[in-house]
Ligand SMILES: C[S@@+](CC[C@H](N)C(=O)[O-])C[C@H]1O[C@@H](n2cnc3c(N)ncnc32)[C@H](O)[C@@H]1O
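Presented below, as structure tokens, is a lone chain in the form predicted on its own.
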């Protein structure tokens, strides 16, 4: 079964690379909650009009969230849970067991502030990937907390409690920041075999007016540390612009579910436009999506200045077609 799944992923990755619709979404972001124990000054939850209740949403109850995932199971390879702080979702470990054992998603990931990796191993051990948010703005606001998070991750890595590549850093880069500002953290990551995913600061709607400062710093990081430190697809490193083609931004490559369980079309940038609630049993995901695509195609002029994560190839690890094909063939070989 594993080799069949890997082959299916590989084929869908190739389809996206060719600008075609995948048969299943490579990744679906499920907004688990907005509740968080931090209040980062730039957080999108505080500034984005799609989250009118701010940090108050604890998320759907566990049984309803199971229905959401069941409805998604035939339409996506991978689920990445976002928040809020995902590790604070009540019943998260049980949800992951259900997603893994009953629904057989290919990969389960989460975005986290990293503060609970050691104290909640029942969650960490059930995730294929954890993206820990790290940036200098957060570092200046919470220096002791971020130091503890870094030390915790290094300790877990050293002790073998996290697998290679399981935890990486989501690094949000501000326009005024330089390689000197980032070098201490980057040296630490490189010296401990950790990876980073870089993205620019955007406004509450995900817009970015100028790519030049971000591109310049990314190129400096790439020159000093090489490609190995990056999680980003190297095809795009230092080459970002506003030309959103289907190869870069295909709506079905990365679907999105908001914190109330609504399936959003085509992505979180348009969170006010949903196709219905996935907490309803037997919700027809494929049919609803096809109907939406027939009405309005994306990317379009509405996507001008978009700088959401999908632009950076973060459908981990499915935007790497060659590596995915090799994994597929290897898995099939070892099963013989």
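Residue numbers count along the first chain shown, from 1. Quantities reported herein were computed from a predicted structural model and do not represent experimental measurements.
A second form of this protein, the form predicted in complex with the ligand, is not displayed here; the remarks below concern that form.
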Quiz item: Should the three residues 27, 76 and 257 be counted as contacting the ligand in the predicted complex, with contact defined as a heavy atom within 4.5 Å for each?
Solution: no
Quiz item: Taking the ligand in the predicted complex as the reference, which of 201, 237, 156, 103 has a non-hydrogen atom within 4.5 Å?
Solution: 201
Quiz item: Since exactly one of 218, 167, 111, 231 fits, which has a heavy atom within 4.5 Å of the ligand in the predicted complex?
Solution: 111
Quiz item: Do residue 261 and the ligand come within 4.5 Å of each other in the predicted complex, heavy atoms counted?
Solution: no
Quiz prompt | Any non-hydrogen atom of residue 71 within 4.5 angstroms of the ligand in the predicted complex | solution = no
Quiz prompt | Residue contact check: residue 292 to the ligand in the predicted complex, 4.5 Å heavy atom | solution = no
Self-check item: Contact test in the predicted complex: residue 138 vs the ligand, heavy atoms, 4.5 Å
Solution: yes
Self-check item: Option from 209 to 217, 119 to 127, 185 to 193, 81 to 89 whose residues, in the predicted complex, bring a heavy atom within 4.5 Å of the ligand
Solution: 81 to 89
